[in-house]
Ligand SMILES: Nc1ncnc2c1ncn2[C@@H]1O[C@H](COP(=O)(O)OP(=O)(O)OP(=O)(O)O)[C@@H](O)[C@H]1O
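The chain below stands alone, shown as structure tokens; this is the form predicted alone.
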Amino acid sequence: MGITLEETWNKTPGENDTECILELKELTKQYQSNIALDHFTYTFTSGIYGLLGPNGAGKSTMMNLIARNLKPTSGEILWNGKTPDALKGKYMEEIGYMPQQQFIYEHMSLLQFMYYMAALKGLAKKKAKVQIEELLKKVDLWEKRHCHLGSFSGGMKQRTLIAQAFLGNAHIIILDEPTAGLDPLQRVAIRKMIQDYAKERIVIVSTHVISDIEPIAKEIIMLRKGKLLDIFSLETEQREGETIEDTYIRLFQ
């Protein structure tokens, strides 16, 4: 028997029931006089979270701090009660990251790129094969798997980066503007994909398109100038009678 699809998304026995608790405590990032993230405190558990706010609100900074692409000026990050430094390389194994910038190896074919990313994540080849086929079909790029990335449109590159973020066994998925440059049908498909893969994971999605995140988000975090302004959920809407558009306009107009 070959490897099953379910097996490719599971860790070794005893690790599948890993808790998903990501704590940001007084997290701050400052560049000289500019404070990009200002004493941000929040606890993420399994589910989908949206980040909303105008340009410069601190969304990408927060995501880059979680992904360890930046070092905080102060504050700390805890994954299930331990710092990334204490966990060493094990913390990075928990991260699936899609950057906003479309940096991509244009000389590679799509399939080569996906296997390269799988290798970086330590994914066994048999598991990688099953995951790559599934993910590329989900983003409607399987038929383009032998094409070079340099020939891809912006939207195709965007879908490639989304697919690679979900490779492996990461419990923290970070997606920075995942639907930018996609048409409405592709945006709906990506939203469904995010929802499908969010089980037992923390998925953090930064976006400017409210409709892309509102139907699937557990909570939507609103930021301005690096500060947490408000947290929106469907429960909030039902209780207070204010839609997310109402909240956004009230906070940012």
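Computed from a prediction, not measured in an experiment: that's the story for all the values here. Residue indices: 1-based, along the sequence shown.
Below, we refer to the form predicted together with the named molecule, which is not included among the displayed structures.
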- [ ] Give a yes/no on whether A36 approaches the named molecule to within 4.5 Å in the predicted complex, heavy atoms considered.
- [x] yes
Open item on the list: Please tell me whether any heavy atom belonging to S60 falls inside 4.5 Å of a heavy atom of the named molecule, as the geometry stands in the predicted complex.
Closed with: yes
Open item on the list: Taking the named molecule as it sits in the predicted complex, is N80 in contact with it (heavy atom to heavy atom, 4.5 Å or less)?
Closed with: no
Task: E94, heavy atom within 4.5 angstroms of the named molecule in the predicted complex - done: no
TODO: With the named molecule left out here, work out from 50 to 58, 195 to 203, 181 to 189, 210 to 218 which stretch has heavy atoms within 4.5 Å of it in the predicted complex.
DONE: 50 to 58
TODO: Run the contact test on E23, Y42 and N169 with a 4.5 Å heavy atom cut-off to the named molecule in the predicted complex and return yes or no.
DONE: no
- [ ] Select from 174 to 200 the residues with a non-hydrogen atom within 4.5 Å of the named molecule in the predicted complex and write them out in sequence order.
- [x] E177
